[in-house]
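Next comes just one chain, in structure tokens: the form predicted on its own.
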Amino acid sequence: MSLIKAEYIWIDGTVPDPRLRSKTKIMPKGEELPLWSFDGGSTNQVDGPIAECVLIPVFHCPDPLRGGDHLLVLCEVENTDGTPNRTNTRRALAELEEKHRHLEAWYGLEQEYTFMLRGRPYGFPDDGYPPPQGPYYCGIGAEYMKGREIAEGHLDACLAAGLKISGINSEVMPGQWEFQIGPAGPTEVGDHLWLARYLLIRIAEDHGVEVSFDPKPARGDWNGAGCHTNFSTREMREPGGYAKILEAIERFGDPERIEKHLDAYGRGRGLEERLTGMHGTCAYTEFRFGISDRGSSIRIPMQTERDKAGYFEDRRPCANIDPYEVAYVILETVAG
């Protein structure tokens, strides 16, 4: 009998920003992935004496770190009575997606992150600061680029796993990079983003480097880290879809909707420090959209305006978002 390693991965209940957890199951190759339990009291997911939680496999892919037939297994978390754990945001999104499947919603997530070494962004000297922002964005050269070997290894791992990664680039601050996931459906984009985050953290671990999704990892005149979210429906992508895009953006501008979106995008978890109106952001206290405007809340790409169809980009979500919550609030708003 041939055995494989299945790495069960789930999202814990750490506040304010959940962490990924994982453990390894040895099982026969080709068998159905079973349910598995864990101590939810040690992951901030259960209060009280009954600490057991249940892992429900919802998505799996090849494990590029172990190779062979080994698997990465993303799981939802349930309580022992079969109800979703309070930390399980995927379940509500899956139900909303099914309700609005006719919209054929697509997302693209631009995940910025920062490599950290000894508590400072990778590339910052132990004392003081590096040269100001300018040469780092999409830059080359050992003087400016830190962490490329990790970012490239992460790209290769995501491709080997079959994740919908669509590119990488270095970002505006030293040690800061970005990868993109999508286009993909609502739950799909979250599944692929969480596993891409897992691979990134694991590969960086092997290099002795931490990965931060802090929206403002370095105070002062340095860019924050976001997760710009691109969105479209089938109607938006079809000829004449520009009117549907404008209609959706108008809904985003409703004051009640703004408040709901900001809560999902990272309010109280660094959003206020990042969305200041500087460093390529619009202040969180205002809402505006514009064509090719990277200082707006929502950007309409130049090509979308020219084609009168396509997608739009919400630039407010922070790097530490829960992609399931963001996908939910956007789909709910667009669906009306």
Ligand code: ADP
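What you are looking at is a predicted structure, and each value in this text was computed from that prediction instead of being measured. Throughout, we count residues from 1 along the sequence that is shown.
Although not depicted, the form predicted in complex with this ligand is the subject of the following passage.
For the candidate set T114, N85, S232, T187, a heavy atom within 4.5 Å of this ligand in the predicted complex is found for exactly one residue, namely S232. For the options E97, E78, D214, E110, the residue carrying a heavy atom within 4.5 angstroms of this ligand in the predicted complex is E110.
Looking at 294-302, 47-55, 30-38, 266-274, the stretch with residues near this ligand in the predicted complex, meaning non-hydrogen atoms within 4.5 angstroms, turns out to be 294-302. For the chain shown alone, A196 is not a contact residue for this ligand in the predicted complex, no non-hydrogen atom being within 4.5 angstroms. Contact annotation: R237 falls within 4.5 Å of this ligand in the predicted complex, judged by heavy atom distances. A residue is said to contact a partner when one of its heavy atoms sits within 4.5 Å of a partner heavy atom; G123 fails this definition for this ligand in the predicted complex, lying far away.
Using a 4.5 angstroms limit between non-hydrogen atoms, E325 is distant from this ligand in the predicted complex. Along 166-190, a non-hydrogen atom within 4.5 Å of this ligand in the predicted complex is carried by S166, E178, Q180, I181, G182, P183, in order along the sequence.
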